[in-house]
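Here's a solo chain for you in structure tokens, the form predicted alone.
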């Protein structure tokens, strides 16, 4: 082994035994260039280090190894790289790697980039989930690795693990700038992975037909404060328009919390989607299909054609739902005519599926070809409903406690106190100056 690598190993062992990890991280940052020069010998270094005792030293070696493997000139052994990463995540010391959170995140991002297009992708879901568990401080803390988990899950079309993370509402965000100090590149990466988490999360909820939650995720993505609009936000807005049509039958306005730049440029860049929304508002399926065919190239390029077709289907359902507010009984042929369906058989199919999913309350008399629309049978007096109300009240109280706790943390934050006192002093100074503005100068 080269003397430079021997020095690296000895330094890692010494500093790890001393427990002085903060200084160790500063030295390891300077060692990246040296490790890069001996990329072919890094496996020997890993053999001499213990993944748990020397977690920080192993972390930096793996970072350089994965960075080299991503080079087009290197023919990396992907199964070997996968097993190395898996072994490190399962054995590493969480307390140690938190001293180099940014490096840990970088390694996870490189791993994701390496396997996302590979058949090993589905096996990476569990490993990345374990990486999140290892680094986060609580279940409601978001890390930039959350976006990696969602990306791999989407590629593998396996959502169960990702949903267990997505279903937990975020209360704190772990950022790389907390460790490195303020740096524009770090801040940009933090924002990028924050947006990707909500964008990918919205796509996952859309895939499992949880449109209410999907709409919320897309809304968070497009309403995040920003000085300029990113491509991620634009793509999220396109899906926001489509999901709002499916869920509410109209294009919901952009949240007021969105920056002026976003609200000014979002609509012109997604004109095809607003044309679809305008056609939807007419409740005419023919006009909707005309717009769909006219803008099909745009929808296919954006990979949103599947959602657009669901928008078309939802208009048929919305038209049927309108009939329930007007009629008590109606023949299947009349339903087909008024909802602009092809025939009574198609109308029966739609009504049956809507009854099954709880979208309408009705019964079909096949013998007479009639539909009887009914009121919601829920009387809100069952034990199940009582438990649901209790659960909702408990969740609301828990949310209030979280808000109060966050408010207290903000009020006690030194940065906030300094800014608040500074603004008060400026206000007092201006008032003091005004009180003397009318005094005679002679």
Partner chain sequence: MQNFKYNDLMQKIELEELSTNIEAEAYTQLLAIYLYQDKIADAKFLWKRIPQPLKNDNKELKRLNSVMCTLITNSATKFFKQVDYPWPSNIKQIMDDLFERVRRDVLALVGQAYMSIFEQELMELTNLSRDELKQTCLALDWKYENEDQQTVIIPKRPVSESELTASSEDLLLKLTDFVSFLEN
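Take the two forms, superpose them, and find the largest set of C-alpha atoms that agree within 1.5 Å; that set is the rigid core. Residue numbers count along the first chain shown, from 1. Bear in mind the structure is a predicted one, so any value in this text is a computation, not a measurement.
The same protein has a further form, the form predicted in complex with its partner chain, not shown here; the description that follows concerns it.
In the predicted bound form, at least one heavy atom of residue 352 sits within 4.5 Å of a heavy atom of its partner chain. Residue contact check for residue 401: one or more of its heavy atoms lie within 4.5 Å of its partner chain in the predicted bound form.
Using a 4.5 angstroms limit between non-hydrogen atoms, residue 336 is distant from its partner chain in the predicted bound form. Proximity of residue 38 to its partner chain in the predicted bound form falls outside the 4.5 Å heavy atom cutoff. Distance criterion of 4.5 Å from any heavy atom to its partner chain in the predicted bound form singles out 159 from the list 159, 211, 193, 316. Residue in contact with its partner chain in the predicted bound form (any heavy atom within 4.5 Å), chosen from 92, 291, 135, 125: 125.
With its partner chain omitted here, the record of contacts in the predicted bound form names 342-350 of 283-291, 342-350, 93-101, 166-174, defined by a heavy atom within 4.5 Å. Using a 4.5 Å cut-off on any heavy atom, the residues of 340-375 that reach its partner chain in the predicted bound form are, in sequence order, 348, 349, 352, 353, 355, 356, 362, 363, 364, 365, 366, 367, 372, 374.
With the core held fixed between this form and the one not shown, residue 330 has its Cα displaced by at least 2 Å.
After superposition on the rigid core, the Cα of residue 37 moves by less than 2 Å between this form and the one not shown.
Relative to the superposed core, residue 372 shifts its CA atom by 2 Å or more between this form and the one not shown.
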